[in-house]
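In structure tokens, the next block holds one chain alone, the form predicted on its own.
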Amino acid sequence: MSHKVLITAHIFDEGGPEAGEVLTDAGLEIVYPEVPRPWGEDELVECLVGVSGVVAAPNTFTDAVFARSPEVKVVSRWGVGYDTIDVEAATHHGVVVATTPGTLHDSVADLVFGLMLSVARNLSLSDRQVRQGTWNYRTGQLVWGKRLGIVGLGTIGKAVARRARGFNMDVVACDVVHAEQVAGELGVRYVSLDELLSTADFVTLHANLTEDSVGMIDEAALRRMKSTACLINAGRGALVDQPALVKALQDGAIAGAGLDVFEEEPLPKGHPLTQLDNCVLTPHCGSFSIETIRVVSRLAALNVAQVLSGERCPCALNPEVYDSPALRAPLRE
């Protein structure tokens, strides 16, 4: 009997048949959820009955989910974020957790610049007004030659910095780790978060989500920004205190914001952010380019196929599970 692989990442098939073929060629059976989204703990457990592997959206995998789903051997996250998965619990239960590293940066960096340009030049508002029959000239600001502050100079932050060179931008960054050689090659200068916020014309967030970084852009941080500055967040919604951002945008404390991620997703209908003309909103679609979908889906599928065929998965977040007697997937040496 073949293993069943549950696909909860709704975008999985949009890159074409190749990713699915990775699973079927490995003798695995692809199944899709019968329980409508969104899934709470009980609904997710119901979806996992008889399932050995998962190509997962941002589903919440808790200790209880792993304990109640003894057949699950691998959870492969579509993308690089895994804050909804209790990796420690997965390791305890012998489940391999994997992501698709190094696959999203170009797509997300493109969107960052799309948001930046849209906010700077009021493109979203102008588009709506033209469609409504209003021919109204909106004065914006240049992106060319401005200072860009990157909070978190990781893989995506570096991709943003590369694009900034084409806009002749002065790029500064803050991070807990300083990769001076790479920063120098990109023309990026490390500064403190306070200096970045107080001097940048555009601030883009790419920091990891940790206990220390939750709400890091709060009322005090927004007050430190220039009144002409724009905030871009295509990283994690919880990095920003949303009520504080709404107030800053309403009061003109900052000029605008471009957001692809939010504290609660989907963004509730009628949320105050949706009422603001100086805020551009997109539905967490930073990685959704056809080229990226193809690459991410294939790697997410390959992670599952490797584990269920008894191979070590190079993209495992918890490789120590292979040394644990609790490992649910047989390992072929």
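In this text, residue numbers run from 1 along the sequence as written. None of the values given here were measured: they were computed from a predicted structure.
Quick note: we don't show the form predicted together with a small molecule, though the next part is all about it.
### Query
Is H284 close enough to the small molecule in the model of the complex to count, meaning some heavy atom within 4.5 Å?
Because a heavy atom of H284 falls inside 4.5 Å of the small molecule in the model of the complex, the answer is yes.
### Message
Is it the case that R77, even though its partner is missing from this view, gets within 4.5 Å of the small molecule in the model of the complex, heavy atoms only?
### Response
Yes, contact at 4.5 Å.
### Query
Do F288 and the small molecule share at least one heavy atom pair within 4.5 Å in the model of the complex?
Residue-level check for F288: yes, a contact with the small molecule.
### Query
Looking at the partner-bound form in the model of the complex, is R236 within 4.5 Å of the small molecule by any heavy atom?
R236: yes, in contact with the small molecule in the model of the complex.
### Query
Which one, 192 to 200, 238 to 246, 163 to 171, 78 to 86, holds residues whose non-hydrogen atoms are within 4.5 Å of the small molecule in the model of the complex?
Only one stretch passes the 4.5 Å heavy-atom test: 78 to 86.
### Query
Of L104, L205, V97, V72, which residue is found within 4.5 angstroms of the small molecule in the model of the complex when only non-hydrogen atoms are counted?
Only one option qualifies, and that one is L104.
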